[in-house]
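Read on for two forms of one protein chain; each stands alone as C-alpha cells, with the labels structure 1 and structure 2.
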Structure 1
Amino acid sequence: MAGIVSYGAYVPLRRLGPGTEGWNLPGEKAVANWDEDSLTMAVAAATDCLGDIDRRTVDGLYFASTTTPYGEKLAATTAAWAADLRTDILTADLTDSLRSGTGALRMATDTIKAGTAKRLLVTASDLRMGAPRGGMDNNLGDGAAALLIGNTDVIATIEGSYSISNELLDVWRANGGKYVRSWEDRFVYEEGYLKILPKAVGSFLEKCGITTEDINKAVFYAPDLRRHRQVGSQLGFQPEQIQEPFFDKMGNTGTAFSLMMLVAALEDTAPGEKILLASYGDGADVFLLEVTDKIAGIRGRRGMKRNLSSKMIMRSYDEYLAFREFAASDPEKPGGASASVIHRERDAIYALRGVKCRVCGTLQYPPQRVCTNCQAKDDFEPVRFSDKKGKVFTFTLKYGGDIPAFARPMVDTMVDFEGGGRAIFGMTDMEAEEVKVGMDVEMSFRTLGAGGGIHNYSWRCMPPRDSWLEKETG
C-alpha cells in the first residue's frame, strides 16, 4: 500500500527571538541565511529524508513552494541534481498555493498507486515575507519538509485523501510582489480558513466512517496560533491529540508547514496510530495515515526535533532585513554565472561529484581527466562528496571591502574529507571566531553569486548542525 517511506525536515539555523535587537516578541521566527532560498532548504530536507537510502531507487522529485527561484525554470530538476538522483525520473514544481505541498503529496501517492513509479520524493519549502515589522511577517518562518513516498518499507500508509477547491482571494502575492498580502482579517478567517478547513475535515472523516476520537494525532495547517486552537476545538480534538504547530518556535512556514508538522508527528508515534493531515490554501487537502511497525526502522533523521533545538539567535532584526534585501537584489545585478559552464559542470557543481581513480584509488574533487596521483587518464568512477564529513585543514577569515557587513568575515576553508579527497569551500552557518583548524564540517547546498537573472548554487561546508544542539547563542 502507498505511503510514507521516509521523512526529513529543514529549519534554518537562524532565529529571530528574545535577544535579537529589534525583535520584541516572546516567540522565535526561523530565518533562512543570506545564502539560502526555498530550493536550498528543500535540498537540505531531501538529504535528511534520504539518509542512507539508495538514491538510485528514487523515481521522481516534486518541489512545492510559493517562493520558487524562477517563474520559468524548474527548481525540481536542480533539487534532483543536488540530491544526486537518476535522470530518468519525474520532476515537477507545484507552486502558487499554500496547498502545493499536500498537492504534491496527493499526486505522488496517486502516481505510486497507479504503478507508474515506485518511489517519489516530495519536497515542500517556503521562504515567504510579509511587509517588514508587520504582523504578517512576524508570524511567518522559513523551512522545508521532505517525504519519500512509495509502496514498500512504508512507515505510514496513506489510507485515504480528500480535497476541496475553493475560489477565494484571502491571502495572495502577485507576480513580482515581494510581500504576502491579505484581505481584512474577519473576511479572511470567517469566509476562508475557519469555514473551509473544518468542512473538509468533517466531510473526509464522514466519508472514512470514523470520528475525531479515532485519530491519534491531528496535524493541520493554521495561519496563526489563535486560529489553530479555534479549529482544533471546533473539530472536537482534545489538546493531546493535536500536533504542536511551532508558531512560537519557527513560525508559519507556508507550503511546507503542514508537512513539517507531519514530520514532527511521525517522530513521536507508534505502530497502529492514525494521523490526520490537513492543509489549507485555495481550498483544503485532507489525508488519513496509519503508522506501521516499520516506523522503528527510521533512524538518524534530523527531523523537526533536532532542527528546532539547534539554533543561532540573530543579533538584529536589521540583519534579517539585509539578508532579504540582498536575496531580492542579487539576481538582478549584472554579470553572474555562465549557463553553459554550469551545465557542463553540473555533476561537480550541483551533485558535488568528484572522482575516484580506478588505478590508484585516489579521491579527487573537482573531477579530473588525468589522476593527480598516478597520472592514469580517464579511468575514474564518480564519487559523491555532498554526504561526506570532513575536517578543516586550514582556513582564513576574509575582511575584504566588497563583502557585505552581514557576511563579514567570510570564512574560506580547505577541507579534507573522511575517506580521502580535499577541496576548497566557503563556510556557512558558523560563528567565524569559533572556526578552528581540525574542526569537523558537513556539506550544505547554498546560493552563490547570482546575477544576470540567474540563480546560482554551490555547496559550502559548515560546522555539523548537531553541534548547535542546546548551544547558548545570541
Structure 2
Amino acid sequence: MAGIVSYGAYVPLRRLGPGTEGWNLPGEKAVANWDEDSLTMAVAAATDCLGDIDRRTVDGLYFASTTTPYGEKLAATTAAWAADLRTDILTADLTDSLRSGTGALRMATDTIKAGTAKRLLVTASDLRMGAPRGGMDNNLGDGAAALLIGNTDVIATIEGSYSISNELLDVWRANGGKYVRSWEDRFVYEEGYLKILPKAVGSFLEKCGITTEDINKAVFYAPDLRRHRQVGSQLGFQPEQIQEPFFDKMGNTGTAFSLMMLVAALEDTAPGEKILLASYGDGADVFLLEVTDKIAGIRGRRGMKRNLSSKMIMRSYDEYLAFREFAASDPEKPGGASASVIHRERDAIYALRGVKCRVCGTLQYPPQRVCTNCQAKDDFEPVRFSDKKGKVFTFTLKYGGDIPAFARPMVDTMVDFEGGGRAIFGMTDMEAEEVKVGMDVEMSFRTLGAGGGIHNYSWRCMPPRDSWLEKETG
C-alpha cells in the first residue's frame, strides 16, 4: 500500500507580528528572507523530510508551486541536485494551481502503485504576493512542505483519493504579474470555495462509505480563518477534529498550505487514526489516510512545531516591503551568474559536495585533487557537506557588501566543518552584532540574486534554527 514514509516542513524565520512597526494586526505572517524563494524553501523542507534516510533510495522529486523561479526550466532538477539525489530519477514541476501540491501527491502515489518508482519526494512551496498594504497581502504567508511517498515503512497509508475540476476565475495571477488578484468576495466564495470543497468532500465520504465521525483529523485548505471555520461547520466536523490552520501564526501559504497542515496533523497523531486531507484551487482534491505504527519511528524532524516556535520578528513593515521589492525585482537585468561555471561546479555549488581522502580519511571542502593531509592525488570519494554542522573560524562585516542595503552589513564567515573542511560562506538569518568566533552554524540553500535571466543559487551558513526557539527579538 502506497503511503507517506516521512514528512518535513519549512517556515521562514522572519515574521510580521506584534512588535513590527506599521503592522497593526494581532496575528503573525511568515516572511521569506531576501535570499529565499519558493525553490530554496522547498529544499529546506526536503532536507527536513529526508533526515538520515539514504538519499540513494529516492527515485524522484516533484516540485509544486505557483511561484516557480523559471518559466522555462525545471526547478525540480535544481532541488534534486541541492538535495543530493541520484541523477537517474523522475523530476517534474507542477504549477499554476493552488492544488498543485496535492496534484503532485496524487501523481506520486499513482506512480508508486504502478511500480514505476519505489520512493518519490513531493515538495510544495509558495511565495505569493498581494498588493502592498492590502487585505490579501496581509493574509498571505510563505512556507513549504515535503512528503516522501513509498510502499514500505509507511507512517500513513493513502487509502483513497478523489478529485473534481472546476473552471472559475476566482483567484489568479497573470503570467508575468507580481500580485495575486481576486474577483468580488461573494462570488469568489459562494460560487467557488464554499460550494466546491464541501461538494468534493461529501462525494468522497459517500464513495468511501464513511462519515465525518470516522475521521480523527480533518485537514483542509481555506483562504482565511473565517471560511475555514465556515466549511468545517458546514461539513459537520467538531472543532476537536479540525487541524489548526495557523492563519494567525504564518498566514495562507498557497500551494504548500494543505500539505503543511498535513505535516502538523502527523506530528500529533496515533496509529489507527484516520486523516482527511482536502485542497482547493480550480476544483478540489480529497484524500483519506490511515496512520500506522511506524509513526513512532519518526524522530528529529523540525516539522511545523519547531519551525513555528523559532522566529525573528521584523522591525518594521517598511523592511518587509523592501524584502518584497527585492523578491519581485527584474531577473532579466544585466549581469548574473555564468551558466558554464555553474555547470562545471554544480556538485560543489548545488549539492555542497566535498571529498574524503581514501588513503587517510581526511574530509575536505572545497573539493581538492591533492589531499591536504597526506598529499595523495586524485584518490577521493564524494561527501555531502550540506547537512554537516560547523563553527565560525573567523568572520568579517562588509557594510558595502553586494547584498540589498536593508540587509547590510553582510557577514562573510570562514566555516570549519565537523570532521574536516574549511570554506568561506555568507551568513544569513542572523543578527550581525551577535556573530562571534566559535559560534555554531548550519547550512542553508539560498538564492544569491538574479541577472541575465539566471537565478543564482548556492549555500550560506546560519545560526542553528533552534537557537531562535521562543526568541522574538527583531
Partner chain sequence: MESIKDKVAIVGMGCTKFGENWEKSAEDMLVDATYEAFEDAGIESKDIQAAWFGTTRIGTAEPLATALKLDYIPITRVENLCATATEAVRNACFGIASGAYDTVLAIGVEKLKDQGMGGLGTVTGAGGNGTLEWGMSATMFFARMANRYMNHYGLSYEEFKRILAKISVKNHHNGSLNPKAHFQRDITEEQAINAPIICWPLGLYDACGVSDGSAAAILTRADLAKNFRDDYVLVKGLGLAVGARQGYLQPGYDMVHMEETVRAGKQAYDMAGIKEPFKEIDLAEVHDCFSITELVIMEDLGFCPRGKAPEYVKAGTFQLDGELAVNPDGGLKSFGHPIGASGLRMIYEIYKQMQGKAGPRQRKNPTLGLTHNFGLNPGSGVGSITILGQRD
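None of these values were measured; they are calculated from a predicted model. Just so we're on the same page, residue numbers count up from 1 along structure 1's sequence. In this text, rigid core is short for the largest set of C-alphas that superpose within 1.5 Å between two forms.
Undergrad: Does the form predicted on its own correspond to structure 1 or to structure 2?
TA: Of the two forms shown, it is structure 2 that corresponds to the form predicted on its own, while structure 1 does not.
Undergrad: Does P132 shift between structures 1 and 2 by 2 angstroms or more at the C-alpha, the core having been superposed?
TA: No, shifts by less than 2 Å.
Undergrad: Does A296 shift between structures 1 and 2 by 2 angstroms or more at the C-alpha, the core having been superposed?
TA: No, its C-alpha moves less than 2 Å.
Undergrad: Does the distance between the two CA positions of G361 reach 2 Å or more between structures 1 and 2, the core being superposed?
TA: G361 C-alpha, core-superposed: shift of 2 Å or more.
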